[in-house]
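Only one chain is given next, in structure tokens, and it is the form predicted on its own.
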């Protein structure tokens, strides 16, 4: 099966709205039911960048997997665009904490992989891959083995691969957590710029409040298990964002609001 080619360079697909209403999720464990999410109401507008923060075990990653259609939820409603979540949707890209690259493939071949999985063929694929490699600054490393790259470069490959099919929604589950502080900040700023240029609807799970403030339009604070929304903080910082904003009173005030929203729980998001 040959799939219609994606938009040409410069014609980037816009985002999708996301709606969750009264969503609950409980896992079944050896010791009994384990409530993870409780009455989650979350509306994300088209092209909005939202970060999820909260203590470990509060259901951040579970919420992301529900939106991606990777796991079911107990009750409530979830819509990504006009559709319910479904695994394998090409309009939803998922980036994990680990790059999960195929070590026997080159950088270029790893970025090409989503097209093969989608059974997509055509002359548009090679130029699209080169465009993505240029976008993430890896054109010079295209023929290297993925295992030869640093951790930060591997995450760049993973980002390019996630963007390959031009998804409308970008879901990121702590994608920078394994990087050192300098690489983490640098890659975070680059992803922020890509978001500003592309306008895709983006959700980031992170334990870093400064990272959430730097990248987001809104920050959703989740309370301890079962996870529930305890804060919805608007990030009224101008775009484009820059590292210089971290020292501003406005940045520090938003960070304080996030910490205060979480303080009613255990006072920590570690």
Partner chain sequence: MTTIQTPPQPAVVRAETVPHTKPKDPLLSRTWVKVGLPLLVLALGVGAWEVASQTGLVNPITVPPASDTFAAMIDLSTKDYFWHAAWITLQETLLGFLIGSTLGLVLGALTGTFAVFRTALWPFIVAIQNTPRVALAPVFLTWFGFGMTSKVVMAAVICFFPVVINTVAGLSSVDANARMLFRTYGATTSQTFFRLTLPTAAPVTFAGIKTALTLALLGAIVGEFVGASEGLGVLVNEFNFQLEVAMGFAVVVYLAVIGLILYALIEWLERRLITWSN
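Positions refer to the first chain, counted from 1. Predicted model, so just to flag it, every value in this text is computed and none were measured.
The protein also exists as the form predicted together with the partner chain; that form is not presented, and the subsequent description refers to it.
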message: Taking the partner chain as it sits in the predicted complex, is residue 162 near enough to touch it, meaning that at least one heavy atom pair lies within 4.5 angstroms?
response: yes
query: Is there a non-hydrogen atom of residue 139 within 4.5 angstroms of a non-hydrogen atom of the partner chain in the predicted complex?
result: no
field: Contact of residue 134 with the partner chain in the predicted complex (heavy atom, 4.5 Å)
entry: no
message: in the predicted complex, does residue 70 come within 4.5 Å of the partner chain, counting heavy atoms only?
response: yes
field: Which of 222-230, 62-70, 33-41, 238-246 sits within 4.5 Å of the partner chain in the predicted complex, heavy atom basis
entry: 62-70
- request: Report the residue, out of 196, 87, 180, 130, that has at least one non-hydrogen atom within 4.5 angstroms of the partner chain in the predicted complex.
  value: 87
In the predicted complex, the residue from 83, 75, 98, 150 that sits within 4.5 Å of the partner chain by heavy atoms: 98
message: For a quick check, can you give me the residues of 117-153 that have a heavy atom within 4.5 Å of the partner chain in the predicted complex?
response: 117, 119, 147
